[in-house]
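Here we start with a single chain on its own, the form predicted alone, put down as structure tokens.
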């Protein structure tokens, strides 16, 4: 196991009927800006319930944060927060709203060009100028409710930032707030959480037994409850396990002391930018194909995964690896998520555009060993077609 530091400052408030605790979680004299995405939080009453819980505080709203939140939209919100002297940001929504709100927190009082936060990192940010934030999570998927990460869509591409200053102070996770989600969004959430775990697990062994067992437990849980929570949206027990799985998939704990990959995400981001495919759906396309291409480098963990996650114990090493990859692909397909790029794109020549974008964004040495080049990425996409 590698050396590591770990700290997670986010308080989790989990369970039903917890929104009224917002009154204790946010300072009484705070001027609050609620951020959200489309109309669902209004349609289903979540926004009204949040505002009621905030009591007599001065509350402003900023809606319209897109899936894959756009830099230009977030800069409008940052300008509003600065002009109105906002004291606290409250994200009500899924991962895109939470990611966007983290950027708003960093950008509102940043003295330089806010694009630097995406292109140069956040080390230069004055901690005293960052707005505090909390979240009310309405979509289990990204784990953004318990980390300092965000992915923002800039005119130059989808860009990631990570900062210890961007952790939410708290996150309210009420599984019942997710009951109204469309089935496809729930399926996306299952796949997103599953792949988040795999990016930190499917590398090479470093004798990190706790991290491995936790990762495998999350994966097995998602396999067990994924179809249930899609088909039975009001099944609280199943949905609660999905919500908590998604949070633990990317709150940093299973990733400490171990190598991490993230090539699936890097390639997937370019598929979203080029074709508009939902983020989780790009991951389902790329990951099985990437595992097939990297089966030699990842053989030890693929065999461990086959045995511990899928109970595949019989056959040769090659047969067990084949079966594990096939089971993973079949699991995604069983959730209604296609694992083939041809399902979304018409022309295989468009893969050239993806490779050009990877090159332009410096994604030329990917995976945990940084030896997956552009030719490898092309082969992966072609095999995923």
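No experiment lies behind these values; they were computed from the predicted model shown. Residue numbers count along the first chain shown, from 1.
Just so it is clear, the following notes concern the form predicted together with a further copy of the same chain, a form of the same protein that is not shown.
A.B. asks: In the predicted complex, does each of 11, 146 and 248 have a heavy atom within 4.5 Å of a further copy of the same chain?
C.D. replies: The answer is yes: all three residues contact the partner (heavy atom, 4.5 Å cut-off).
A.B. asks: Within 4.5 Å of a further copy of the same chain in the predicted complex, counting heavy atoms only, one of 202 to 210, 75 to 83, 108 to 116, 88 to 96 shows up; tell me which.
C.D. replies: It is 202 to 210 that comes within 4.5 Å of the partner.
A.B. asks: Is residue 129 near a further copy of the same chain? Define near as a heavy atom within 4.5 Å, in the predicted complex.
C.D. replies: Residue 129: no contact with a further copy of the same chain in the predicted complex.
A.B. asks: Looking at the partner-bound form in the predicted complex, is residue 232 within 4.5 Å of a further copy of the same chain by any heavy atom?
C.D. replies: Judged by the heavy-atom cut-off of 4.5 Å, residue 232 is well away from a further copy of the same chain in the predicted complex.
A.B. asks: Is the gap between residue 156 and a further copy of the same chain in the predicted complex 4.5 Å or less for some heavy atom pair?
C.D. replies: Heavy-atom contact with a further copy of the same chain at 4.5 Å: absent for residue 156.
A.B. asks: Could you tell me if residue 265 has a non-hydrogen atom within 4.5 Å of a further copy of the same chain in the predicted complex?
C.D. replies: Residue-level check for residue 265: no, no contact with a further copy of the same chain.
A.B. asks: Quick check on this chain: which one of 133, 125, 218, 181 has a heavy atom within 4.5 Å of a further copy of the same chain in the predicted complex?
C.D. replies: Looking at the other structure, the residue within range turns out to be 218.
A.B. asks: With a further copy of the same chain left out of view, which of 312, 299, 256, 273 would have a heavy atom within 4.5 Å of it in the predicted complex?
C.D. replies: Flagged contact: 256.
A.B. asks: Pull the contact list for 217 to 252: residues with a heavy atom within 4.5 Å of a further copy of the same chain in the predicted complex, in sequence order.
C.D. replies: 217, 218, 220, 221, 224, 225, 236, 237, 240, 241, 244, 245, 248 sit within 4.5 Å of the partner.
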